[in-house]
Structure formats: structure tokens, C-alpha cells
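In the block that follows, a single chain appears as C-alpha cells, in the form predicted on its own.
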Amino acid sequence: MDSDIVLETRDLTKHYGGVHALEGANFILRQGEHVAIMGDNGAGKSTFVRQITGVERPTRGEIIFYGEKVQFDGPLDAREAGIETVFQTLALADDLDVPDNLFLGREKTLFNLGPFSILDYRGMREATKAGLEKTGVKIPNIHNTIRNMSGGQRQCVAIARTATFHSRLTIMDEPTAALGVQETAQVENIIRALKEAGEPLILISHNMRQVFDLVDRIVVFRRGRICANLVKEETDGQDVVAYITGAKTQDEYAEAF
């Protein structure tokens, strides 16, 4: 296996009874590469992400992460392995502030005494500020609860977790779908910063302009299968739409890896 391969899936498949939501997905992501996953609703994009992040167990197939075969028992296992995912739902606790959200489930402690542990609040605050600075996220007061923040600030807090915990792979699922123009620009700048830092990323998006601005390669899903693997410089929006709708097929998509 090539040493620069971050993530590889082989024959990754997920069936829900008689429904074949994902079938035989062979996928490769290399170090420092940003790849977009595109496709119509129900094409298998989210199902694919749920398998590689431990939300669900695949029906069959293999997931290889940094050269090792993995089988995550849940999202926390994936996070501990270094996969940080920003889901559309954000998974933030509205009544907690920024440091508490970033460290939810993996709090820093001064003394680890089980239920009587003493939390390292200063350490969590400093790590939060460093993560926000790394991604360029500006939150005027990190002690404000998430409930009192704008949609863009919430999204940026979710993304800042990837920097705070030095993720080995970042996955973003429609990170700007509900944001305005300025907030979208801020999130896209964060993605560019991750690219400059050489951190690999998978972006699930319907936004064609965004995809062509931000990624190196486009993988298209259709009816639960990967139907195309396209180098950005060698394709255009009309080409991608043709694969999404089925007007065009790419039988030997694996050769583009």
C-alpha cells in the first residue's frame, strides 16, 4: 500500500434489508488531498460517510486508515483514531459554551479520579483559543453558549474541533448549506487553511462553485455506487452533472485514483 494513502475503502457495502444503499464503494484519499463527494439525494453519500465514521457498521467491505484495517464501534472510536466529522446537524450542545462543546466527551483533567475527577478548565480554554486561531475562527466571547450564536458561528465552532484535536482526517457534510454569503466565505477560508496545512479533507457538497474552488478531485455517487472519479482540472460542472444524472458513465473510474 502507498505510504501517502490516508483512507481506503474496498468493496464497502451497506444494505438495509432489501435496500442497497451503498454497493461496492472503492475509494482512496491521499495525504493533503481534498476530495468532494457529490451526487443527488439518496445517491449514497451520507451512507458512505456513516460507514467510515463508525455511525453504522458496513454489511461488507474493508476500511483502511493510514495503512491499518479498522472497524469502529461508534463515532467516538473514529474520533479517537483521528477522524473529525462536521455533520449537517453539527452535534453541538446549545446550553454549553465553546470550550465545553469542543471537549465534550474528552475533557482534560488535572486529576483523573473517575466521577470525582477535577477538570482542567484553563487547559481546555487555551486549547480552544489555539484551535480557533489555527482555523481563523473569530468568536468574540468563547464563554457564550452555543444557543446565543449565529448559524455561521455554530458551524465554525464545529469545524474548530478538527483543529483543536489535530485530526488526521476531516470530513465535512454540507458545511455551508444553511449559511449566508459572509458566513459561507468564512467556512471556505477555513477549508483553504486546512489545505495549506496539508491536512486531508472529504467535502460532501451540492454547491458546484464551492467544489471547484476548494477541492482537487470529485467523486460522484449515483444509486449507491461510485460512478465517476474526476480530477478537477480535467472536468467541468456540466460533466459532473452528466454523471450525477446518469447521462454519462465512467466504467473505469478507479483508474483516476
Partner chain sequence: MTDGSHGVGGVTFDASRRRWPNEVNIFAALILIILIFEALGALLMNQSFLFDSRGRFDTIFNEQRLRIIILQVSIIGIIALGVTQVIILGGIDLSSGSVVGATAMITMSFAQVATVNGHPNPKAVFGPELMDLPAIVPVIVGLACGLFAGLVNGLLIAYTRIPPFIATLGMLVSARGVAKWWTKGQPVSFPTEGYAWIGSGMMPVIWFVLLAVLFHLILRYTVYGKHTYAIGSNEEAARMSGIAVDRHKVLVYAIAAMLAAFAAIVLSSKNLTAQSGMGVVYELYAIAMAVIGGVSLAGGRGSIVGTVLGALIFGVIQSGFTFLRLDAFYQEMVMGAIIVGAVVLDQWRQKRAALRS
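Residue numbers count along the first chain shown, from 1. These numbers come from a predicted model, not from an experiment.
Another form, the form predicted in complex with its partner chain, is not on view; read the next lines as being about it.
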Report summary line: The one residue among Ala81, Leu96, Ala127, Ala178 placing a heavy atom within 4.5 Å of its partner chain in the model of the complex is Leu96
Query raised in the report: Which of Gln186, Thr164, Thr135, Thr170 has a heavy atom within 4.5 Å of its partner chain in the model of the complex?
Result: Gln186
Query - its partner chain contact at Glu107 in the model of the complex, heavy atom, 4.5 Å - result: yes
Requested in this report: Classify Ile159 as contacting or not contacting its partner chain in the model of the complex by the rule of any non-hydrogen atom within 4.5 angstroms, answering yes or no.
Outcome: no
**Report entry** Close approach of Gly123 to its partner chain in the model of the complex, 4.5 Å, heavy atom
**Finding:** no
Query raised in the report: Is there a non-hydrogen atom of Asn148 within 4.5 angstroms of a non-hydrogen atom of its partner chain in the model of the complex?
Result: yes
Query raised in the report: Would its partner chain in the model of the complex be within 4.5 angstroms of a non-hydrogen atom of every residue among Leu92, Asn141 and Gln182?
Result: yes
Requested in this report: Could you list the residues in 57-85 that come within 4.5 Å of its partner chain in the model of the complex, counting only heavy atoms and keeping sequence order?
Outcome: Pro75, Leu76, Arg79
